[in-house]
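In structure tokens, one chain follows: the form predicted alone.
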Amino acid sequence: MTTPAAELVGVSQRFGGFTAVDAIDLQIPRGRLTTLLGPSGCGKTTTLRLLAGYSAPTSGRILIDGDDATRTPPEKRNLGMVFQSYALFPHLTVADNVAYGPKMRGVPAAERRRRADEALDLVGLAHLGDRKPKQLSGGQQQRVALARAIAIRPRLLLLDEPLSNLDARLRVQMRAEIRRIQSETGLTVVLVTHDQDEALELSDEMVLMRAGKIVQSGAPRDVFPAPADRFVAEFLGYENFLTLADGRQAAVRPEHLRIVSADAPAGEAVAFDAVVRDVAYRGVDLLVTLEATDPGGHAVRLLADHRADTATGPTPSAGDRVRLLAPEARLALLEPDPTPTEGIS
């Protein structure tokens, strides 16, 4: 069995009477991209800082390549770190910024220049090595920060909300760049984010956290269709929640909720009547807001994506009485939600 690139064993971090990370066990698979995902205050950044060595755990052990690194200082862990702010040296050229890490590690001049050129070429900035950071765009500065972290040949590359300062278009571009760089280099990457789309797009493994605990982890294709509880479902973008006739809680996404005529057969679906309250045109479909009583007898407000070219029955209008069908195969059954208190991220 392959040794994980890093492992946290029963790790906790407490600040006075507050527990930021609560006895978590986490394995970081080698050569994969793992995201730590969750809202502000869930403990994901604290976990990354513990892994980087910027903070020592109150209890538990941190292993890197199978070796106990719990008390090893950051500079001796050989981990690359990219922060939200990029932290580039403004007085150095791009190439010198990238070569700085190898220089501090005693790498000879010719070799560190080769590493800098190689890293800048990897991020598509080989032609900008002589410029200063202030002459670059935000996206280019982010790439320089990635190149600088890669140039030290890290055992792990740690990324703390690396795209949060970029606009929406650049974020999408940089996601593709990070994925490409990880794939080409085979680096083990741990990325902290609060953006579920970013995590779903980038991750080989995603780890969802809440109030210092890991609430669910796995490959995106496994986690997304089967959220563990309502917190996970809401965080991953589920918007419709139902109580079924047997009392179980379930979630269903708007694109899986079908609007049909009031007398349409249910087939293999959970069916219940609803009233259309609003219809919003979105070009490719309609976003329909409905009010209904779910199978468990609870009043609910639901959203459904309706495509007139594929749906059964007429295009809905406000005030219409319709039937909603939630295919059983599309229902995500949820565990009870403990609703813990959030804290430090």
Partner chain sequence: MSQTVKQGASPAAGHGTSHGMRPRHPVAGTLAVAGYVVMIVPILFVVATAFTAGSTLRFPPEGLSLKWFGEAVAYTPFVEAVVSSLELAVLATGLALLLGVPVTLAIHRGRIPGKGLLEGLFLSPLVVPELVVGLALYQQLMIGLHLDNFTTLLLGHTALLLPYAVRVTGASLALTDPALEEAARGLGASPLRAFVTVTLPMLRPGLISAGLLGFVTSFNNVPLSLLLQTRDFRTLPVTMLDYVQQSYDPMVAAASTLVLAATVVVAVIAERTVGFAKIFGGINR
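Residue numbers count along the first chain shown, from 1. A quick note: this is a predicted structure, and the numbers were derived from the prediction, not measured.
Keep in mind that the form predicted in complex with its partner chain is missing from the display, and what follows is about it.
A.B. asks: From the candidate stretches 81 to 89, 270 to 278, 204 to 212, 244 to 252, select the single one in contact with its partner chain in the predicted bound form, where contact means a heavy atom within 4.5 Å.
C.D. replies: Heavy atoms within 4.5 Å of its partner chain in the predicted bound form occur in 81 to 89.
A.B. asks: Taking heavy atoms and a 4.5 Å cut-off, does Arg105 contact its partner chain in the predicted bound form?
C.D. replies: Arg105 belongs to the contact set for its partner chain.
A.B. asks: Heavy atoms within 4.5 Å of its partner chain in the predicted bound form: does Gly124 have any?
C.D. replies: No, Gly124 is distant from the partner.
A.B. asks: Quick one: is Gly186 in contact with its partner chain in the predicted bound form, heavy atoms, 4.5 Å cut-off?
C.D. replies: No, Gly186 sits far enough from its partner chain in the predicted bound form that none of its heavy atoms falls within 4.5 Å.
A.B. asks: Is Glu75 one of the residues lying within 4.5 Å of its partner chain in the predicted bound form, judged by heavy atom distances?
C.D. replies: Residue-level check for Glu75: yes, a contact with its partner chain.
A.B. asks: Scan Ile152, Leu157, Ile181, Val223 and let me know which has any heavy atom within 4.5 Å of its partner chain in the predicted bound form.
C.D. replies: The residue from Ile152, Leu157, Ile181, Val223 that makes the contact is Ile152.
A.B. asks: Check each of Met174, Val260, Ala228, Leu136 and return the one that places a heavy atom within 4.5 angstroms of its partner chain in the predicted bound form.
C.D. replies: Contact check passes for Leu136.
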